[in-house]
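Next up: the same protein chain in two forms, each one alone, written as structure tokens (structure 1, then structure 2).
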Structure 1
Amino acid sequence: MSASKIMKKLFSLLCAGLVLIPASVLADYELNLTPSVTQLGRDIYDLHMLILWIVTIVGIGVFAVIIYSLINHRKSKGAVAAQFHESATVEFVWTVIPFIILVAIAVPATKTLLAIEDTSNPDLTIKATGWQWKWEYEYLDSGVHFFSSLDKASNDARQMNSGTDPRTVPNYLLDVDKPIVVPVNKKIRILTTANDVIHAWWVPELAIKRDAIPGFINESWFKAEKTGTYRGQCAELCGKDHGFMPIVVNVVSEGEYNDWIAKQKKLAKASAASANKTWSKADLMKRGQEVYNAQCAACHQANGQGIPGVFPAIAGGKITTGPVKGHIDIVVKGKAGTAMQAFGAQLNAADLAAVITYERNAFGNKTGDVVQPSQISK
């Protein structure tokens, strides 16, 4: 066994001992900080272990003294209380020692922090924008742009009493419909911001956690040294579905990355083309239902009833049964200062037309209106 493995075993024994559970039971579960695939992440891990060992050793020292005292200095054992108190020497020593330990921690901490905050000269920059409750990604170098939300399997299983055991869903709550793809061994700069409330972009294995704040742009970076899929979650409470906006990063070889970028550009063209054709009502309703369930149901609910006082109902709603123009307006432009987002920035004209048609003709709404992509003025 390597030294680090022995340390790891020792550490898990210690942790397990503290919760009064045999180590073997816990062998399969992660007890320590997630190991990272970046140099910075390993530096953070080492810093974490350094402080952890310091506090563990100090703790064992202090607790040993207290426990010795609890066992031996008790009245039932005939102990007579000593009368000593106040000692300038002792008090000086136990003030200075912690101070020296703190300096020993501060030095590597400062080094690591300076490296983390050096976001200069990236190979690739991706802007991550937090929305209630999904992430928008923009590749600033190539113009690739898409939204990334919780995958359908997790989303179905996480509904109240869904009847699906989450244990049967692969990567439950940690999978998305569209992951971001980045090349290995490149310095990737992540710019974080938000559209509505504060979110935070966190991927433990990449050792990044940075707040996404509306109106501000934060910077952070990583350089993954191993290809693979790395998963994380929004870390700042952002409302109802805060627990359901995961992050998935696929780290691939440079060649695969270039192929992926080319494919994304083709997809964008196809989506633009779909806006120019005229759709049948049945097609619009079918696509509209899919869009509704993916984009709208989280707030307005799957049955279109909304949540009274929080999210208005689609069924029999003033806007959804009123003039078409007003309906298009609110879906495209959103309503400032509320959870109603401007979907014009998120969906293409065909999807917008489909979902508006669907909302006007589902949940008991019977306007009979058919909205075509050409009617959507962005």
Structure 2
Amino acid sequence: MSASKIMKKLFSLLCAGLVLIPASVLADYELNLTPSVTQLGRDIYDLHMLILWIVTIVGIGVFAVIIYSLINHRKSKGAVAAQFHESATVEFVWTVIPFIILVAIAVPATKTLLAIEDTSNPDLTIKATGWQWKWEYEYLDSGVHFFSSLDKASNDARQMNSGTDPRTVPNYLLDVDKPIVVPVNKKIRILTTANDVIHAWWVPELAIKRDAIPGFINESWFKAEKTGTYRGQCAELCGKDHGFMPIVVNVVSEGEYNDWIAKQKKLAKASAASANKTWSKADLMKRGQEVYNAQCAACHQANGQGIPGVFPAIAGGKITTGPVKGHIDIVVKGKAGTAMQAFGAQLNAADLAAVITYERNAFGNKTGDVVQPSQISK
């Protein structure tokens, strides 16, 4: 069979295969970039499409010449290679044409790259710090500060033997307990860094992706032109729970944003006040369970059994049933050389007291100890 007949046969088989694929499958099989709600995102998309079409045309042209040459200038047809050396015309053509192509790419690419890096004159600046495995946000203009972790529904469903079908959880692994909130049509500068290992702050619809590296501050920005909720993830392999530190950005009107900032400031004052009061054991246990499920269950399991050989059990553990001071120290300061983080920088005194009280009185631990916020020393 000749080469031309083989190619025709392969092409017909390919077309037949595409016809047999259900339309619903083809509809979900998307290859292009995520549509953006920012002008910068649309510029990136346009640049991507321009370069894609240029390289596609060049590729088709090059391979067409190669295939034509293979078919029509093969030895079996009696073709004899031409003998020549140097051609000023050919050298001029193969120099000028690539130069023109590169200029056509370089001009819009340079313009877009400069726009990506232009973080000047922001309306709002947020510092995003990556932790294993959550995000810390600081609104540098207003003083609002909080941690954002995987939401409870996703966290419960992803546990071993949870009994929950993840498909029944809305936005599974893409929702958080505390999303960041920003005003629409405002330039938002994001400063990214990390506390432990390299992370990456990535929200496709906002056309933003920037590495978060310990000891460094990287800048990026976005300006959302449409209100809504936009979801992203850590885009750097940062450890065992890499897939469980999503990013959620709520873009709202300026009035709603101002109301949200006022609410966060009230919550911060209430949190500070909670460290100065004496809590009942029942209240500490209730709050401690919430903190444990959000912060501790990922490693020590929702039932407190831990993971043998990896993470120690809370139930009957040496720390959780031993001296209170030792328990407070390891929760607040962490433990070097292990995955145990220092939660003193992440939780307020009331939350720390609550989770320690809970751990000492849950999962069969019956120490009877009640830890008050005044006992927490950071």
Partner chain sequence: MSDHKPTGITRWLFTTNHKDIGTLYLWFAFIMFLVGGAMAMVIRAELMEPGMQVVDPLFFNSMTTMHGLIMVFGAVMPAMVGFANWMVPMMIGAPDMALPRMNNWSFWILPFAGTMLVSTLFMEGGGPAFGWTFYAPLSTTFAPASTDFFIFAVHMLGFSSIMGAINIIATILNMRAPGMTLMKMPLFVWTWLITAFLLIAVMPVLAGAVTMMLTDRNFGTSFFDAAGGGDPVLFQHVFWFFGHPEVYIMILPAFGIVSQIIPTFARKQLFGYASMVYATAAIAFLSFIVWAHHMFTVGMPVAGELYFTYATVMIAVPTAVKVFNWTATMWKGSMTFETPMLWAVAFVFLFTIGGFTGLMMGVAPADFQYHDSYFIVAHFHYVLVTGAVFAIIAGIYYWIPKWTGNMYDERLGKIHFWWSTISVNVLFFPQHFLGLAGMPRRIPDYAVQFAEFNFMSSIGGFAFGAAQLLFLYIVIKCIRGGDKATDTVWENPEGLEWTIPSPAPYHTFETAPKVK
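Each residue is numbered by where it sits in the sequence of structure 1, with counting from 1. Owing to the predicted nature of the structure, the values given are computational and were not obtained by experimental measurement. Here, rigid core means the biggest group of C-alpha atoms that superpose within 1.5 Å across both forms.
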Point to revise | Index of the chain form predicted alone, chosen from the pair | key: 2
Check your understanding: Any chance the CA of V93 moves 2 angstroms or more between structures 1 and 2, core superposed?
Key -> yes
Check your understanding: When the two forms are laid on each other by their rigid core, does G255 show a Cα shift of 2 Å or more between structures 1 and 2?
Key -> no
**Study point:** Post core alignment: L191 C-alpha displaced by 2 Å or more between structures 1 and 2
**Key:** no
Point to revise | For K77, CA displacement between structures 1 and 2 after the core is overlaid, in Å | key: 10.4
Study note, to complete from the structure: Shift in angstrom of the A282 C-alpha between structures 1 and 2, rigid core held fixed, comes out at 3.8
